[in-house]
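The chain that follows stands alone, in the form predicted on its own, written as structure tokens.
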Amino acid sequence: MPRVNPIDSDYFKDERPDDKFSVIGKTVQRSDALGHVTGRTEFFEDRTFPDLAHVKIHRSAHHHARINSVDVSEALRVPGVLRVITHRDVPSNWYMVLRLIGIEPNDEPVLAEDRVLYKGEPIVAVVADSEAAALEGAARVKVDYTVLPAVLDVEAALAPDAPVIKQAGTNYFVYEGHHARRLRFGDVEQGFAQADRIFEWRYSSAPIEHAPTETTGCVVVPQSSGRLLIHSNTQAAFFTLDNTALILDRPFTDLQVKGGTVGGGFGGKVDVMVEPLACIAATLTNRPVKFVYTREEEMQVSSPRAAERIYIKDGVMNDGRIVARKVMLYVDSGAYSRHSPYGTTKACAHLPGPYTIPNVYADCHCVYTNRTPSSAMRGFGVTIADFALESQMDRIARALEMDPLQFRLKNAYRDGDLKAHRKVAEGTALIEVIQRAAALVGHELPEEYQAMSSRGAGA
């Protein structure tokens, strides 16, 4: 079938050739719908195994503290407790999930060693015959702490007098030797100088929990061959397999991951949090082991969408042309990196939005604080940036007493425009989408805006 060019005028006509498609424009039943509504869909917890053991975690009571000592003697006295696991039992305790794509350093321990960097950080894993015994054993672990100052704000974390919480020596991820992922295009100060109006506002978001119906978990079953079979609700089976093997210091071929139906993920089940410890427990006990978060754990210690703080400063001409945009972005990675360095890069790559602006300056910081580590969630890096950018566009349009769609059309990028990160735009279609949206809601555009095209400034 020939490719449809989205900026062809026919593409936006009401008359669609639906008869040529079997899915587009049709109501199609999902392949898994029947299983869901009849209760026949199988999740990882539906698999049962004889002699199943359970893992539960003793977690940090403080946002930031030095660990002076850990006493597990009372935990071992709980009837049904089989083993306790500390960082000494983890073959390669320090890891970073993004090392698979070359992002370093390994900055997070599977189990805390001499300090904790966020409230809820795992310190000791308890393996027991029953979930109740594992919970009781975890509750009886005693940790002696020296509480340290906590940094809970992204800008405070970057202040010269802020306590440094990371082993690497900075409270920010280092991008090729720089304090932030940077974007430089044109001369932003010159653009501000020539602008008729300057607009500057701050935008912020809070962490957002995925709140899946099914909490994070897995069951690991030792095989007679010596391999480990992992039944997991991970969203990324090979990502989980590779990271787990690296932590266990075992060949990838020693592990087999069986995924399946995920009872809600949205990016929240890609961090490889339960499989390594369940594998260690299964190896030490030679029994099937289940490790699944409680609802409280899912809400407190699973990775949320990162909180972000964004400052946007725009230089605008009286006719509505944006001639300069400066963005200072602070992404709260929490205590460890996980996926946030990548998300911050995505945010920077999205700037300055779908607009052609001749002068652009951005510093996008991935900041470490003593909060729960953040990670992936549906379009992470772009979603909050879009909220800020489009809010900025609306506020400027109101201040200029311009129609907000006309303001966007005036600044929209077109095919052939050079974007701020020096890639030529193609297949843009923003102008046509705005035109079509305006028509659908009865928002009348002047003829000059209706005549605009994404095929180039002169089209």
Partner chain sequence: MRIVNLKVNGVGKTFIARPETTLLLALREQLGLTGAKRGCAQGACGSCTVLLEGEPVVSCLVPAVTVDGADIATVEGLADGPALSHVQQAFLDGFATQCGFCTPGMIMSAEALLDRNPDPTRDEVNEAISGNVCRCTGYEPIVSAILDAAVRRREGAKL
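The structure displayed is predicted, hence computed values, not measured ones. Numbering follows the first chain given and starts at 1.
Unshown form predicted in complex with its partner chain; subsequent notes refer to it.
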Every residue of T27, E45 and G264 near its partner chain in the predicted complex, heavy atom within 4.5 Å: yes
Answer yes if any heavy atom of G427 is within 4.5 Å of a heavy atom of its partner chain in the predicted complex; otherwise answer no. no
Might E296 be said to contact its partner chain in the predicted complex, defining contact as any heavy atom within 4.5 Å? yes
Would you please decide whether K290 lies within 4.5 angstroms of its partner chain in the predicted complex, comparing each non-hydrogen atom pair? yes
So in the predicted complex, does T38 come within 4.5 Å of its partner chain, heavy atom to heavy atom? yes
Which one, 323-331, 150-158, 205-213, 307-315, holds residues whose non-hydrogen atoms are within 4.5 Å of its partner chain in the predicted complex? 205-213
Of the options A399, A61, L418, A33, which one has a non-hydrogen atom that comes within 4.5 Å of its partner chain in the predicted complex? A33
State the residue from D242, D89, E131, D254 whose non-hydrogen atoms include one within 4.5 Å of its partner chain in the predicted complex. E131
